[in-house]
Structure formats: structure tokens, C-alpha cells
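As a starting point, one isolated chain is supplied in C-alpha cells, in the form predicted alone.
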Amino acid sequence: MGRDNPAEQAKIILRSRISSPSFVFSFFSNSPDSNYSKLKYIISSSVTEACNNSVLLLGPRGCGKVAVLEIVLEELLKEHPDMISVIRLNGLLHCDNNCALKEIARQLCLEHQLQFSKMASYDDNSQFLLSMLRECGLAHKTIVFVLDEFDLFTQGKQRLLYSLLDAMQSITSQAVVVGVSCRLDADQLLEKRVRSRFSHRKLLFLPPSREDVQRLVEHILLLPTDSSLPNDYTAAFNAKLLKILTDEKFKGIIDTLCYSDSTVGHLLRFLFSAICHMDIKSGFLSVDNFRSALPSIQRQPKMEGLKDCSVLELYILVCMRRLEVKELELCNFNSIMKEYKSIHDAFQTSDYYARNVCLRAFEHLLERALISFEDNKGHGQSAEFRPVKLLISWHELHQGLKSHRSCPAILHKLMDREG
């Protein structure tokens, strides 16, 4: 039944696209200045020119470092069959030098159909690695070492990194070390003896810009014209989608999505959820589908906590936000009370409570972890005098006030001023 329904087929096509890194990141691989092109050149030059290379892929999680690397390796394995061996290590599993070298030996033995000895010592595995690098170099075969969570390999004496990079100084070796890390300062964690052997190539993966996000959504969601779908349905679907992409409401949804997390991975989860909300009867995506998908992928515990706050607690949070904007050196209960009184005096609000009531509301916010003390010092000091900080962003507070049933209009007005 689903196969006869073009809407069901369209959902299958779009879901398979989102689940395919090669399709998603082909959008970024067209430019010669892309990380894809640079990484492919670095690794392929080691294969074709019989040289050693090392490179770091750095950037926040979800920006496509591993996805682009896998696409490059897959293409090179097809272009140069039997000329590349890939050894994969993860810092979460193999940060111990002995364990990492044993895993390298195991994968090399598996790749070249050799017998692996579990009882081999660190020195035995080290000698085996050197001999394999030499033999593979003589056979014009490149070994690619992929070190995921690279920064974890820099802990301790860095014997593994030194052994790998030192072995690559040999004329006969032919290898590439690719480090993947979400720490932008990963290269600074290397010891001097390791850093001197590293090639200092770094590729920085950043979240896409708003314009790129818009184009990427179009790249993923526009149905192909050469598919098995009816041509009239494809044309109507694409026309409706292009209209949605220019809608200001849709752009607002994308802005909200990217405010907290603008990585490609987060965007793909959002699009997958939007497709799941697509109405099969109409057969088309709508702005409501994207609006419904937004709260389903965004964890908003702080905003949920705001729903149960009293009006007085909302006043305290807004006062703290105003004190942040004023960049006061000290923010404590007393300074919050001064700001609270200034708001009351300026606008003659009816929501004015006694100091002891305000203190209980203040302590309640501390319990709910919407605010916290600046440090652990001053345990014997009264809560009124200890410095505090706000644990909720302007955006979360602004949205929380909008969704609160009893929020006074004056607080909306004050927050709009601060924005």
C-alpha cells in the first residue's frame, strides 16, 4: 500500500537521504577549498607520491569530521584498491599505550591475514609495527591511522603518538595519521618531541552559516526529478517546499533551531523529525511540520522549569538578567532587591512583596537550579550576601516568559528592551 502512495515513497527517499552522510556532505564537497577536497588531497598524495602525512580534523561534535573522512576513505579505497590499509583507534577505548599498540597489531594482522599473538609484549608489537610500515612502504601500500578522540591520546607520556610519528620519519614508510578531535587546541597538547614530528596540518570544521543551512535544507528535501515518483507530484512537492523555505515563519524556526545548536547533525535530526510529522493524506510538507518537530528534538529543561515558577520568581530572574546587562561586579540577593524596587518605583507595579517572601522565592530558585552561587566559598555566610549567577540564557528566559500563563506584561516589556 505504501509503495503505491507517492507521499510514502517521498518519505522513504527523504529519510534515506538524511541517513546517508555521503549524500548530505556532497553539498560541501563541490568547492576546491572545502575540507573534503583538502583532506582527499592530503591522503591521496601519500598514496600516489609515496610520502608520509599527518593532519588534524578539529571542530565541534556534529560538524561532519568523521563523515567527511569516511567519504574520502571510501572513495580512495575504490580508486586505489589494495593500496590502502585503514587502522582505526578511539581514544575512549585505546588511550592506554599498550592497549592501543596491541589493537594496531591486531588490525594489521587481520588486514594482511597474519596470525595475531595476544601474548605479545609492547616491544614486540612496536617492532611488528615498524616492520609492517617498512614492508607496506616497499609494496607501495599506504597505512592510514585514524585516531578518533585524538586529545585523549595526548594524556600521559604520549608513547603511542611518538612511536607512530617517529616511525614515519623513515624513508621506507608510507603512512598517514589522521587525528579527529572536538578540542580546537588539540595540537597544543602534544609534547615537544611529538610536535616536532607532526606536520601541523589542521582542517577546521565549523557549523554551517545560516545561508548554508538554507541551501542544505533545499539540497536534502527537494525531490529528484528522475525518481519513480509521478512527475506532477514531484513538481508540486518541490514548488510547495520552495515556498516554505521563503516563509518568514520557517526562517524563524530555523533561527530558533540554530540558536542552541547549529551543527549539521542537529539539523539532520530536526529534518528527520519534520518528515515524520508530514501528513500522508496531503502528501506535502508544511510549516506546521517543522514547527512540531522543533520541541521534539530540543531539550529545554530550564524552560520547563520556568512554567511552574511564581510571578515573584519571574521578577527575580528578570532582575538578575538586567543586572547582567549592567555588568555589575557583584550580584547577590541585596542587589537583586534594589533592582526589584527600582522596577516597582519606575512602573508602579502591583506585584511588590515583602523582603522575607522574596528571600523564600530566591531560595526556591536556587533549589530548582535556575540560579546558583558563584562559588563554594562562604558556606557559613548568609545567602543574602553570597554572589549568585543566572543559569538560564536570555533566549530561554524570553521564551519561558512567553509560554508562562501568568507572566505580567511588564516583564515581557523589560525583556524586549534587554534583547
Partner chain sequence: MDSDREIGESVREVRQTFSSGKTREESWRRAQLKKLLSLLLEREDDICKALGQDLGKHHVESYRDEVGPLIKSVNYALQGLKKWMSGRKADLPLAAFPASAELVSEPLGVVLIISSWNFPFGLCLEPLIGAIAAGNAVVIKPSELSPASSSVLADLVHAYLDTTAIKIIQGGVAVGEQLLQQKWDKIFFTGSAKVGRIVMTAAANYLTPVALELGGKCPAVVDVLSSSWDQKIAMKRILSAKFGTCAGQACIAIDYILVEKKFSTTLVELLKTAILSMFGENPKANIARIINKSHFSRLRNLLIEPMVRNSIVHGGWMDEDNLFIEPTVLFDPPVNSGIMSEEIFGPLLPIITLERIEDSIEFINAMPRPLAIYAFTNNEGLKKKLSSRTSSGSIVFNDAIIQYVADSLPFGGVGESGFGRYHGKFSFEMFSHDKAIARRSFLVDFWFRYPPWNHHKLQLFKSAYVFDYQPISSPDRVIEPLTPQTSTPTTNLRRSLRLTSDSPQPTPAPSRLKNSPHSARKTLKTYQNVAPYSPTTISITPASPQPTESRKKRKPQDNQASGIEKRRVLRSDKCRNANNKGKKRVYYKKVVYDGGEFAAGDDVYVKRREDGSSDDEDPEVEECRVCFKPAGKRIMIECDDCLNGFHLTCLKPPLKEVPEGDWVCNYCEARKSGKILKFPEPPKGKKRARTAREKLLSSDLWAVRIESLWKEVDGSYWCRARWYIIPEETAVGRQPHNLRRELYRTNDFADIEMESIIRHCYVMSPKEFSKAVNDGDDVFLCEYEYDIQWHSFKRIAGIDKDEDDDEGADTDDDWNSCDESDSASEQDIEYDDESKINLLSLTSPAHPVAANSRKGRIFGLQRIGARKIPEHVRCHKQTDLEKAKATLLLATLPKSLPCRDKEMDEITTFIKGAICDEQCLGRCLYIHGVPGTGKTMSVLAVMRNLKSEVDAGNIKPYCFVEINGLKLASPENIYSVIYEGLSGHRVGWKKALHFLNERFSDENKRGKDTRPCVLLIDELDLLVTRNQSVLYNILDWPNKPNSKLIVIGIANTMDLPEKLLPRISSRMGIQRLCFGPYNYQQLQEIILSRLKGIDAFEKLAIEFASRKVAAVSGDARRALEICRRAAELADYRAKRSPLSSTDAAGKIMVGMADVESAIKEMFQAPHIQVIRSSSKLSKIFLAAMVHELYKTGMAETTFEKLAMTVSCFCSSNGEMIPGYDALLKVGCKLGECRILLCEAGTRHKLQKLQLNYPSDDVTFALKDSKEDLPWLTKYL
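Numbering follows the first chain given and starts at 1. Computed from a predicted model, the values in this text were never measured in an experiment. So that the term is clear: the rigid core is the largest set of C-alpha atoms that superpose within 1.5 Å between two forms.
Not on display, but discussed next: the form predicted in complex with its partner chain.
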Among 389-397, 66-74, 347-355, 360-368, which stretch has residues whose heavy atoms lie within 4.5 Å of its partner chain in the model of the complex? 389-397
With its partner chain left out of view, which of R88, K341, K202, K251 would have a heavy atom within 4.5 Å of it in the model of the complex? K202
Scan K243, H219, R291, H112 and let me know which has any heavy atom within 4.5 Å of its partner chain in the model of the complex. H112
Touches its partner chain in the model of the complex: S26 (any heavy atom, 4.5 Å): no
With a 4.5 Å heavy atom cut-off, would you call D166 a contact of its partner chain in the model of the complex? yes
Does its partner chain come within 4.5 Å of any heavy atom of M132 in the model of the complex? yes
Test of understanding: in the model of the complex, would F128 fall inside 4.5 Å of its partner chain by heavy atoms? yes
Is its partner chain in the model of the complex close enough to K38, K157 and K192 that every residue in that trio has a heavy atom within 4.5 angstroms of it? yes
Flag for E49, CA shift 2 Å or larger between this form and the one not shown after aligning core: no
Rigid-core frame, C-alpha of M320, shift of 2 angstroms or more between this form and the one not shown: yes
So, does V66 move by 2 Å or more at the CA between this form and the one not shown, with the core held fixed? no
